[in-house]
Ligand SMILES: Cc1ncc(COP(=O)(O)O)c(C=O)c1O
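For reference, the chain that follows is the form predicted alone, supplied as structure tokens.
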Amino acid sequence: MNLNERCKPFADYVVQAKACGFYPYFRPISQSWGTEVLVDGRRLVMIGSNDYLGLAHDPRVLEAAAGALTRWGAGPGGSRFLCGNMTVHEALEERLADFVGMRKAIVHTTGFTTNVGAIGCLLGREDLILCDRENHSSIFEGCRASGARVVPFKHNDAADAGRKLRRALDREFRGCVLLITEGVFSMSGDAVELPEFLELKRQFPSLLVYLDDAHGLGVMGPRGRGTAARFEATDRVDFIMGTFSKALASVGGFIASDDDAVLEYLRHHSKPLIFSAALPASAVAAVQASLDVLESEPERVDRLRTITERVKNGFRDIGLRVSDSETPIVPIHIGSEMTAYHFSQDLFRHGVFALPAVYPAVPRGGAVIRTAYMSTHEARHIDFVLEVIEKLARKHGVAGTAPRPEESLDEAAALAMAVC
């Protein structure tokens, strides 16, 4: 089978989905105001963005990015390892470490490459990784890159992680054991039961805990300092990873730790860090300015929580299933992938931008419409969104009932339309 023959069935499913009018992804946004976007000449309310604090359009953030663009240019000219390292990178690393309560941090070009680079270079074939089944794809790619033995455990279930760890260890095991979980899970909006996982360190003193807080940074904890701070447990977490493409209104990622030697090793062995161009100075400056705003206006975090609580109460009134999580990610549970596609298209037609998440982004048969909220959403936005969702929930039969079972859908078709 040649390459075209291998790829063509997948491509045909995408073409078919577009022809049938329910392909929802890669919509071209021609202009954005943050809480609203322009698509095909229509202005829609955006409830699918990760710009949780609404800082991507803040004048102070834009001004900082423009100033750095003038001083350092549009691109870094190389990797940080060779010729792209700048003083702004190092200043941001110091600030991030302080912000999350760690000694040092290392900045990468994206959150994805942070996970792939860190996990991939710190663990090896003699090691063991315990991994939540619903962790982000970048974490699993990092696990594969490491060559370590990967043991998945039930989502957010520390007891299952403990059972798996006991079975995996034997007297001959001499490697490292790393438990990886997200602080806030990107599709479900679940917050990790962190204290329960940290209790495992009492039973297994050599266990290391790696917290991917991409969706928790700027959202969770006092003044948005993250999930570990939320539980006053920073000193018991070994690694905190975060990204800038959510609450910090930019792009990039970092990993922080109190272990100087490990981070020095990582700085010289993370392949994505060494072999990728450095983060542009304008993106770094945007992160710094976002941190400035967050620290001077912590009420943004409080407002975000107020908005999220209002949405959740509205969903409950409609009859939708809502978790008790305090995160700004509030999925609409659908079940059927086809229903999720049609629901999303109806949202778009009614002026709301929110996309479906299907397998493998969520468990098979557990399709959702992923909605997420910003501290800059106004009451009129939320009023409008709730009105539209109530109407469509009745139309598609997802209010007041369990999610519909999954229809028979070819796996290739599901993959063709899956959120990665």
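Small disclaimer: the values here were computed from a predicted structure and weren't measured. We number the residues from 1 along the sequence you see.
The form predicted together with the named molecule exists for this protein as well; it is not shown, and the discussion that follows is about that form.
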**Request:** Let me know the one among A247, M241, I119, I334 whose heavy atoms come within 4.5 Å of the named molecule in the predicted complex, would you?
**Result:** M241
**Request:** Tell me, out of T339, N156, T110, Q345, which residue has a non-hydrogen atom within 4.5 angstroms of the named molecule in the predicted complex.
**Result:** T110
**Fill in**
Only one of 123-131, 74-82, 206-214, 190-198 has residues with a heavy atom within 4.5 Å of the named molecule in the predicted complex, and that stretch is 206-214
**Message:** P280 versus the named molecule, in the predicted complex: is there a non-hydrogen atom within 4.5 Å?
**Reply:** no
**Prompt:** For N115, is any heavy atom within 4.5 Å of the named molecule in the predicted complex, or not?
**Reply:** yes
**Request:** Spell out, yes or no, whether the shortest heavy atom distance between P272 and the named molecule in the predicted complex is within 4.5 Å.
**Result:** no
**Prompt:** H136 near the named molecule in the predicted complex, any heavy atom under 4.5 Å?
**Reply:** yes
**Request:** Give, in sequence order, every residue of 182-211 that has a heavy atom within 4.5 Å of the named molecule in the predicted complex, or say none if there are no such residues.
**Result:** E182, S186
